[in-house]
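So this one's two forms of a single chain, laid out as structure tokens and tagged structure 1 and structure 2.
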Structure 1
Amino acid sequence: MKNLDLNKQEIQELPQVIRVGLLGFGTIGSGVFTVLNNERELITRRLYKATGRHVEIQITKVLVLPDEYPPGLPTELRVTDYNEILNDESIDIVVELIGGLNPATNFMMQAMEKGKHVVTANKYAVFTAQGALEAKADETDIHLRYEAAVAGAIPILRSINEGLIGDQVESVVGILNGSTNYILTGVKNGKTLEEALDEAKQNGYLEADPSADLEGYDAMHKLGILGYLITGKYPAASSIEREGIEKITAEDIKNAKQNGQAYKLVARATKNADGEFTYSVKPEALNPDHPLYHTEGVLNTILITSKYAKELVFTGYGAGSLETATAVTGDIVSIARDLHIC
């Protein structure tokens, strides 16, 4: 295998192109477009090192709404009909970044039926499918990746799937929702819950309908995906104890401050004495010596306890265009590597 110090002439011979159809050009989609274009040469050289082949990744079509003309999207890549991507036999990977349940889930299923590999950041669709997307991937013998669905830039799924493949995870405790953590950080720093909520809206950390964040659904979906990776099966939504931050009162905040504590929306998956996992998402008043206490703003932190590795702590940005795009790009590149590996 040639090393990374090869000249440009060598890797420019006979490129094998992996073509990508991108669904959505919003915050994450535009970030993926930027990362793939900005780091094209770096990615190509690293793929050469991994596979011994000149592999290039190109976004060839981008699905947007009929009345949507995003700045930065070349006109020749813009399509408004998903069938233009689905029926394009040259497209190898479909990257779903439109969000929501449908048509996103249907689009991913259809892509796999057509033999296209799928990457998504859609925790809602992945969790709600309860294993159906993974089953379709197995049935059609394609790659399905969703690293960006949990904790943004943190490579937590890859760490569990690969780094801990020979270990047994016993518990996961984490802050999985950056929006609510931003709000609760504001509360910790002296704002009222209402003031912190308004600031989060103004800074774009909350959707027009913030209920998925505030009521704990977003963190629940992410916790469910982690549960699947750990146990091999998705917990039902009804089996996850869920409580959001909207019920925290001014008196609760006052008492926590007097005790030197800070509220965090904590997601937990814990193995009980019978070897089964229990799941919860709820606000907790944490002491300063807790590993999650100092996680501020939109950062996420995940603490994994396992049989052999003991305690592992991951901290990073759980949201953001380029931050989340790194996880999506990592999935795209890993598929390209696996398709061409020696």
Structure 2
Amino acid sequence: MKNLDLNKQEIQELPQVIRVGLLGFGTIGSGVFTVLNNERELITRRLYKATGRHVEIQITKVLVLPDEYPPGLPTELRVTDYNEILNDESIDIVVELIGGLNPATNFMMQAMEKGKHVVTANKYAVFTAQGALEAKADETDIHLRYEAAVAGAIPILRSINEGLIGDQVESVVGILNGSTNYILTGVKNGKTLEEALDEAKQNGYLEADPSADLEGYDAMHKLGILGYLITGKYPAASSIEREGIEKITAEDIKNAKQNGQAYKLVARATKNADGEFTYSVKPEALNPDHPLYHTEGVLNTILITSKYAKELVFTGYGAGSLETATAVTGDIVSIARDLHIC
């Protein structure tokens, strides 16, 4: 590690360019484009400090649908055929931000087979593959990272994988879905369900299929990924008790408020007496002394209990363009760093 003043050091040598192919230019994709461009100089200097080399990250191609012309996407980067990215040998990292199961999963598998590193925010695809994506990454010796898949901007996967690498996590209790928390909070504060849902949609918090949020599937996918990190094994979808917020009425939320409680969609992974984890996602009316009670709007909170660290609480934006983009950017930059350190 070079000891350099990040603000003054001039990096003179010709850059080694890490080229990125971005799949999708929606809420997160456009955010990643903005963060990487806005922070170009800072990222280059940090990479220099970490590796001693002048490494630059450039998005060179962006895949969108044939009839899609997103504002802010330079025409020269726009491609509509994935093969243009897959067969471009200069592209080092494929960043999958189109969401959904397929073609996203196939695109990631194909990228890894071609020796390209993969970053994704796709909790649905990562959970549903039940370890197949990680197995492909091992087999092809590439980096696969998905920090943005769980709890948006909160670096929870890094915290578990690295910070707690020597500890034993015993339980996870969290609000892992920003849009439902936004809706529940909005209604508690006097909005109608329709208004709160509409605002969540306008802000880009909801999945393309909002039932994934409302019926608890999105939180279930994220909880499953956390389960994998903690136990080394993905829980099957059928083993996770799941109930969404769709049956909760505005009346229920108001009554709870009158009793001093707030409804939250709570995800739990808990070790039972046999040492096995059990998983659930369901709405709960929480009292003010509960650590999740004060998490409002699109924020997520994750409470981890572990053998040695005891209790850890992480709170941050669980959805949103630039917020989630920081997690994707962190994965891209850390791959660029690792490629030049190893």
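It should be emphasised that the depicted structure is a prediction, and the values quoted were computed from it without experimental measurement. All residue numbers here follow the sequence of structure 1, with the first residue given the number 1. Rigid core here is just the name for the largest C-alpha set that superposes within 1.5 Å across the two forms.
Structure 2 derives from the form predicted in complex with ligand HSE, whereas structure 1 comes from the other one.
Shown in the overlay between the two structures, fitted on the rigid core, is a CA shift at Y124 smaller than 2 Å. Relative to the superposed rigid core, E207 undergoes a CA displacement of at least 2 Å between the two structures. For G232, the Cα coordinates differ by under 2 angstroms between the two structures after the core has been superposed. Aligning the rigid core leaves the CA of G190 displaced by 4.0 Å between the two structures.
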